[in-house]
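Here's a solo chain for you in structure tokens, the form predicted on its own.
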């Protein structure tokens, strides 16, 4: 099978959890070179995934004529500049979200993409989640989306402590801005954001199509609560998706009332959940997340877990959660692998990809910063309709 030769710049957390295993599994991609400034991580990832070449100098990667595409997965403040340099080196680029921390930097990427004619895909992978593609298909066929609610909640209080307060909307909610634009096939007309405390917010968006959407974004949930839920009201009826694993339809006599979707796996981790989610859907998801939270809570508090005496050994729990169990926020299929492989196929065919592009990255950034302005001022922010860069 014909494949695109890729290089990867950045071998940190998202690369290790997604891009490295997915590049090794994608039918139409071949990873030739991995780049990172940390020599120990670089050599470890090269050996683990049998990558032919490793380098600490990204310029040597960009100068390789065999490499046609580059995945950029670095710190947010480096991604726009690296994307532009890769484009001007003649490479197609798949870059992680957010495309940049500022809208001005995103606009520079849009300009470079137009200048070079190369493809840019921004890592808004939810467009390729099987459950969401089906939800959009159903909503379109049933008169379109008229009212949407989206919840995205997680333990940001635990894992996001290194970020300053109030930037969750830039780093996480940007995903949902892009997703809602894609689901509605419409641009946002206005944004309103209110917060109860930093990184605990509600947002209301109006769309030029007439749709309205609300987003509940909270960084104060716990592991036992599934991270994301989507609800769409159509012309007359509804579609819901529970954290990418279970889709339900309401009011459509000619459609299946329940559809379930397999989970996503990592080659280092236990994989039973993939099949449990496909067969049992949300019930399996709730049980798995509750198990993880219960074990961790019992180990940290030194109290018995449900149905267990004595309390679990904290070392065993840490080993299970950190080395054996699924990645809890990554065990559902959010579309990472199909997004990457679709991008590779479009490069082979020289066809514009369905992935979110540089302009979509810019739009998400403009919406993120409009939400911050609304939050700070208490006013509705109206988008001027010129969000294309």
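Just so you know, these numbers come straight off a predicted model, no measurement behind them. Positions refer to the first chain, counted from 1.
FYI, the form predicted in complex with a small molecule isn't displayed, but the following is about it.
Student: Counting only non-hydrogen atoms, which stretch in 318 to 326, 348 to 356, 28 to 36, 63 to 71 is within 4.5 Å of the small molecule in the model of the complex?
Tutor: Every other range fails; the passing one is 28 to 36.
Student: With the partner left out of view, is residue 187 within 4.5 angstroms of the small molecule in the model of the complex by any non-hydrogen atom?
Tutor: Because no heavy atom of residue 187 falls inside 4.5 Å of the small molecule in the model of the complex, the answer is no.
Student: Does residue 14 make contact with the small molecule in the model of the complex, using a 4.5 Å heavy atom cut-off?
Tutor: The answer is yes: residue 14 has a heavy atom within 4.5 Å of the small molecule.
Student: Going by a heavy atom distance of 4.5 Å, is residue 161 a contact of the small molecule in the model of the complex?
Tutor: Although the small molecule is absent here, residue 161 would touch it in the model of the complex, with heavy atoms inside 4.5 Å.
Student: Please run the contact check for residue 10 against the small molecule in the model of the complex: heavy atoms, 4.5 angstroms, yes or no?
Tutor: Residue 10: yes, in contact with the small molecule in the model of the complex.
Student: Looking at the small molecule in the model of the complex, is some heavy atom of each of 79, 97 and 123 within 4.5 Å of it?
Tutor: Yes: each residue has a heavy atom within 4.5 Å of the partner.
Student: Of 181, 127, 92, 175, which one comes within 4.5 Å of the small molecule in the model of the complex, counting heavy atoms only?
Tutor: The option sitting close enough to the partner is 175.
Student: Please tell me which of 208, 197, 75, 114 lies within 4.5 Å of the small molecule in the model of the complex, judged by heavy atoms.
Tutor: That would be 75.
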